[in-house]
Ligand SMILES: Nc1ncnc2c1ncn2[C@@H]1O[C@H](COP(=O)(O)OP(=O)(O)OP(=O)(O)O)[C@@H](O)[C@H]1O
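Coming up is one lone chain in structure tokens, specifically the form predicted alone.
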């Protein structure tokens, strides 16, 4: 008998809400329905302002935003269930990651804040909701991220081959899956699409540089790339995670202003440099922590950036690079399916974190349950 779960995911790029309905009765998820829903423009703008200028946010603004985002997640879940033709009473739970507003795993005390009131999701959908996945891992001494490597291990590990999973969203993260009994390793490598998208938005009306076509018109500026590569996070060993708090447009502007660049560098040259920077940070991480990897499976929005994928493959010539779709799961839906899977684990009383990834002192059951 089918076991339906619904996963909701909106990452640091905030380019939409990924929603999936999956049947989790077997060890491998069966994707029933999946769609990316656009954020209402007013909410998306408010989220961007809160994330980019957190010091300007009042408690009233934060509370209202939490409610509105929760209502938006609920409408998204209802729309997907209708599209799939699955009634709410047949869906066991929603796994909602929430929208990250601030991630500070290295502060004292550490914390991570996601908005999207799960009470409203449960109330407006009539479906049990599991949310607030990160904070229990942080309470146990972990980074609270990345949390998807446990799902990567269940889905993609092989006893015959060393593999790694690369997710390129706003940030990029790597999961190292050894063929042996060695622990799984996972961490954020640095920016994924976030800097490229930010720079593209300054010069174009579209959401992103499709296929890397604009970056392909430019040439890398070596001095700028080398300065970007000096960021301390990139030299920090795992466990580690990051976000737009660290890699943002303001930080990039500071690096740009500090260099004696040509009087008017071409915008496309800077876009190409940002693409090369992202590719280099990913390749450096693979070389440093997944040297035995023979297959790199890529998911997330960055998997559609043809030029970025070509550059990563060129920097890692000895490693086969492919999409997760070759293993039965489209790259756009991996993270949303993972949070549906994590919701099932939480309801079953099973730990969802990997201490070897997050640095937590022990495995913990993730999230809180909001009954229908």
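This structure is a prediction, so every number in the text was calculated from the model and none was measured. Positions refer to the first chain, counted from 1.
Only in words, not in the display: the form predicted together with this ligand, which the text now covers.
Remark: residue 35 does not count among the residues lining this ligand in the model of the complex, judged by a heavy atom distance of 4.5 Å or less.
Though the partner is left out of this view, residue 302 does reach within 4.5 Å of this ligand in the model of the complex, counting heavy atoms only. For residue 197, a non-hydrogen atom is located within 4.5 Å of this ligand in the model of the complex, even though that partner is not displayed. Under a 4.5 angstroms non-hydrogen atom cutoff, this ligand in the model of the complex has residue 193 among its neighbouring residues.
With the partner omitted here, the residue from 297, 77, 93, 168 that has a non-hydrogen atom within 4.5 angstroms of this ligand in the model of the complex is 168. Comment: 206 to 214 is the region of 67 to 75, 84 to 92, 206 to 214, 110 to 118 lying near this ligand in the model of the complex, near meaning a non-hydrogen atom within 4.5 Å. Shown here without this ligand, the chain has only 335 in 326 to 344 lying with a heavy atom within 4.5 Å of that partner in the model of the complex.
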